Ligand code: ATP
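What follows is a single chain, given as structure tokens, in the form predicted on its own.
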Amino acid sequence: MADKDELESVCKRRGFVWPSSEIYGGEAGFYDYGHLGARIRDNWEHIWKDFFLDMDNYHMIYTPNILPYRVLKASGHVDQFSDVLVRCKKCGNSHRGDHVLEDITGESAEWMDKDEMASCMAEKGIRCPDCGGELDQPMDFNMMFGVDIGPTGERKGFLRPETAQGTYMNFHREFIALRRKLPMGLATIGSAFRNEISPRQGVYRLREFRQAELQIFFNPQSDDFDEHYESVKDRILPVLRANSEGIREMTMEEMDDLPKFYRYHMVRMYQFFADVMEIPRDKLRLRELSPEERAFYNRIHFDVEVDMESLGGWKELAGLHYRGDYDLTQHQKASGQKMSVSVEGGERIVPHVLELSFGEDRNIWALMDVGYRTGERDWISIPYPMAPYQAAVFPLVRKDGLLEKSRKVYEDLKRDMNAFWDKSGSIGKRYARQDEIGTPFCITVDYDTMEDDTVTLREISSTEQIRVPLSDLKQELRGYVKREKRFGTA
């Protein structure tokens, strides 16, 4: 059970994540990653790239954090990237309108516009959640951070509210550089910025956050993904369709109202959460957004949601958005530059876009929430490759050559994986420290090691221990970390 306060305490004490500018009292919506959090973040990004860029013609790119005004005017963000703001006439505090309604009614109000919220609030007599004062009329609030470009500030820009727009602007140049082939995937990982009205729930809703996004440009009339779909068509996923009563276990064949390319990528996203991040199946679902909930340009939109104890239930961690040709068409109109390309048969089209979008901070918190265990001992179950350290090395005692021998074992091991050396305190305390940060394997150098060159290898979830020859240690650990063999098997 992941109590939010308890989990946050562990994260601060051990070096995962905590509020930024903490010595000055912090600022809502900004968090720092400590030494362990940075390791998990680096591991998560590396594994995400390996998983989603495994197809031909899928590539990473990186683009600036600042975008000119005209780019985000063309994309629609200047006019439409807003949340509904309500202010209290008495205390002056600001709130997101849908959050106020959701807290009172228990139902999502994210789909409502300001007029619908005003009507609903008046009908229910809703007042300020902080002081009980009267609320002003709801108003639209654009969430982008404005910046001045140049010494005189006459050119306006914004911190990017999403990483996607830089990818769209690079489409045509990359299409030419990559020898004019579709489908083409362009991924990017980086910071995005949203001036949230009332950030809450820790790293779940931030003003500066990390996104990992893959934009797939393709011809919607082609059968490029059909062969891939055949390999997943019988996969059963827990799905909550729009306007349905509850989660259903459905095969991809049963969801034949969706295009095959979309269903294939639904399975890929599910596989990442279930098989790579090891989220338990009963805590994982794909929820379809209704036309009222999804962005106007999204033709189909499913969110991957995880049931997180520390955040009070189901929370969105990623989205699969079929955006059609909206983005490239908008930039083509505004820039005067052609985004249309020739495809097989000589037809000229503006490619469609399928977007896989992940909130990296949310994903990392989900690992902590789902993996946190309390009881006889406190420990975190993190997928081996994503853990800050894959192994920790201890001397049983700090004498009789064990200290020096353990250091040699550590120096050799760290060339192959993230490893940690600890000589402080009792063995029990050292195990406890590593359990609390999710280190899957602990290696103890003892007196038998000095005799026969074997060490004790302990696994975190079972706490089982086996003896392993030093000559086999790296190979054994690689097999366990890659899930190629089970702990303790020959």
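A residue's number is simply how far along the shown sequence it sits, counting from 1. A quick note: this is a predicted structure, and the numbers were derived from the prediction, not measured.
Keep in mind that the form predicted in complex with the ligand is not shown, yet the notes after this line are about it.
**Student:** Could you tell me which stretch in 315-323, 274-282, 226-234, 100-108 has residues with non-hydrogen atoms within 4.5 Å of the ligand in the model of the complex?
**Tutor:** Among the candidates, contact is made by 315-323.
**Student:** Which residue, Ile382, Ile364, Leu206, Ile216, is the contact with the ligand in the model of the complex, using a 4.5 Å heavy atom cutoff?
**Tutor:** The residue in contact is Leu206.
**Student:** If the cut-off is 4.5 angstroms on heavy atoms, which of these, Thr188, Ser357, Asn170, Gln330, is the one near the ligand in the model of the complex?
**Tutor:** It is Ser357 that has a heavy atom within 4.5 Å of the partner.
**Student:** Would Arg96 count as a contact of the ligand in the model of the complex, using a 4.5 angstroms cut-off between non-hydrogen atoms?
**Tutor:** Yes, Arg96 is a contact residue.
**Student:** Do Arg194 and the ligand share at least one heavy atom pair within 4.5 Å in the model of the complex?
**Tutor:** Yes, Arg194 lies within 4.5 Å of the ligand in the model of the complex.
**Student:** Closest heavy atom of Asn418 to the ligand in the model of the complex, within 4.5 Å or not?
**Tutor:** Residue-level check for Asn418: no, no contact with the ligand.
**Student:** Can Gln165 be called a contact residue for the ligand in the model of the complex at 4.5 Å between heavy atoms?
**Tutor:** Answer no; every heavy atom of Gln165 is more than 4.5 Å from the ligand in the model of the complex.
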